[in-house]
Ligand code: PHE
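A lone chain, given as C-alpha cells: the form predicted on its own.
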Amino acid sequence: MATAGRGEWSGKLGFILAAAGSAIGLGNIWRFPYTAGENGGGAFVLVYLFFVLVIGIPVVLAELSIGRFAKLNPVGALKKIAPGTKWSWLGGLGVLTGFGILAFYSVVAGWTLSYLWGALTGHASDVTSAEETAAVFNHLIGGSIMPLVLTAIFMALTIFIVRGGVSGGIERATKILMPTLLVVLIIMAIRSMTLDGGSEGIAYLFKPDFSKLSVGVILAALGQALFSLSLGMGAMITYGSYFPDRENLPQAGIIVAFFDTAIAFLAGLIIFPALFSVGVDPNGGPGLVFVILPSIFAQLPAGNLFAVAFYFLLAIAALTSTISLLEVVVSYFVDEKQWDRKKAALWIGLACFGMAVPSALSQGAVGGLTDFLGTGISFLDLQNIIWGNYSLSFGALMLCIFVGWKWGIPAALGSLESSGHRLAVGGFWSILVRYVCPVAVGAILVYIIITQQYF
C-alpha cells in the first residue's frame, strides 16, 4: 500500500538527472572503456549502440511503465498489477538485488575516494610506473582498515542523501552532481583529445574493425548495454513511480538512455587518447582505471590536475548509483512496511554496510574471504557474479515476460502514454519487449552460465 506523501520529482528534468545518475556509474567510466578495449574498439562500440537502441531503451520503458502505473516500489507495483498471483516475488528479487549490489559496489566506490585524495594531496604523482601503481592499488584493497573506512564514508554519504527524500534529497543532490559530472567529463575529453597522439585513440574508439567481431564480443556489447542502464533490479520502477503524471515519460526514458550512452563515450574519449598519447596498450582489462591510468597521469602535462578531475567524476558517478541502489530498498520499507524514510535509510544503510564488510576484506586482508570457500574467487567477486550478473539478467528477463505477456502491452503502453504524450514507435516497442528483448537477455544468461565469463 502506498504511503501518503511518498514524494515526487519536481518535473521531467529532476527525473532525468536522477534516473541518468542511477544508470551512470562505474559501468560507464570504468567498465565501458576497458570492455571496448578488450573487444576491438570501434566494432564493439557499434554493436553496443545497436543493443542500447533495441534492448536497453525498450526495457527501460518497460520498467518505467510499471512504476508510473503503480506509484509503488517493485514489490508493491507487481502486487498491484497482478493481485492474487506470485509475481510480487519478482519485485522482491529486485529489492534484494539492489541491496546485494550496494553491499559490494560501495566497496569499489570507496576506492575512488582514496584515489581522489591521493590526487588532491599530490601523492598520486609520486608513482610513475604501472608496477608502482599496481603495488599501491594492491596495498589499498588488501588492507584491513582503510577499505572499511572508505566504504563507511561512501555509505554515509549515500544514506545522508536518500534520507532527505525524493525531491529534497535525491533530486537536489543529482541536480548538482550530474551537471558537474558532465562538465568535468567534457573538459577532460577535450583536453585528452588534444594530447599528442590522441587522434589515434579517437580512431581506435570509433573506427570499426569488423574482423574483431565474434559471438563473445557481441554478447559483451549486449551485456554492457543491459548492465550499464541498471536494468533488472527495479531501480527504474522505483524512479518511475515518482514521475509526475503530467510529464512525457517515453521521451524522458529515451533521454536517460541517451545520457547514459553519451557518458560512456565521453569516458572513452578521455581514456583512449590518453592511453595512445603515451603508447600504452588499450587492452588494459579491469585494472585500467586503478592501475594503468595513474601511471599515465604522471606522464601527462598537468597530469595531477587531470587525475583530480578524473577521480572526482568517478566518485560522483559511483555516488549517483549508490543513491538509486539504496532508494530501491528504502522505497520498499516506506511503502510496504510504513517505515519513516529517515529510519529506513539509516537502518538499511547500516545493514548494507555490515554486508559490505566481507567484500571489503576479501581483497587480501582475510584469506578465507579472498579464496571464498575454496572457489578460487573472492567474496566481492562472488557477490558481483550472484547479484550483478545472474540476478540482474534473470530479473530483466522476467520483467520483459511480465510486461509483454502477463500485464500486457496495451496496459503498459497506456501507462507510458497516460499524460497524453505518445510513444511514436509503440508498435515496434511491443515487438521488441515481447520477443526480441527476452531472447537477447536470455542469451546473456545462458552465455554466463555456460562460459562463466562475467560482466
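This is a predicted model, so every value here is computed, not measured. Numbering starts at 1 and runs along the sequence shown. Definition used throughout: the rigid core is the maximal C-alpha set that superposes within 1.5 Å between two forms.
We do not show the form predicted in complex with the ligand, though everything after this point is about it.
Interface residue among 87, 312, 227, 137, judged by heavy atoms within 4.5 Å of the ligand in the predicted complex: 227.
Checked against the ligand in the predicted complex, the residues 267, 325, 307, 162 give one hit for a heavy atom within 4.5 Å, which is 325.
Proximity to the ligand in the predicted complex, taken as heavy atoms within 4.5 Å, picks out 26 to 34 from the listed stretches 420 to 428, 65 to 73, 26 to 34, 403 to 411. In the predicted complex, no residue of the candidate spot (44, 222 and 261) has a heavy atom lying within 4.5 Å of the ligand. Taking the partner from the other structure, the ligand in the predicted complex has a heavy atom within 4.5 Å of a heavy atom of residue 321. The closest heavy atom approach of residue 105 to the ligand in the predicted complex falls within 4.5 Å.
The ligand is not drawn, but in the predicted complex it has a heavy atom within 4.5 Å of residue 235. Residue contact check for residue 101: one or more of its heavy atoms lie within 4.5 Å of the ligand in the predicted complex. Along 352 to 382, not one residue places a heavy atom within 4.5 Å of the ligand in the predicted complex.
Relative to the superposed core, residue 33 shifts its CA atom by 2 Å or more between this form and the one not shown.
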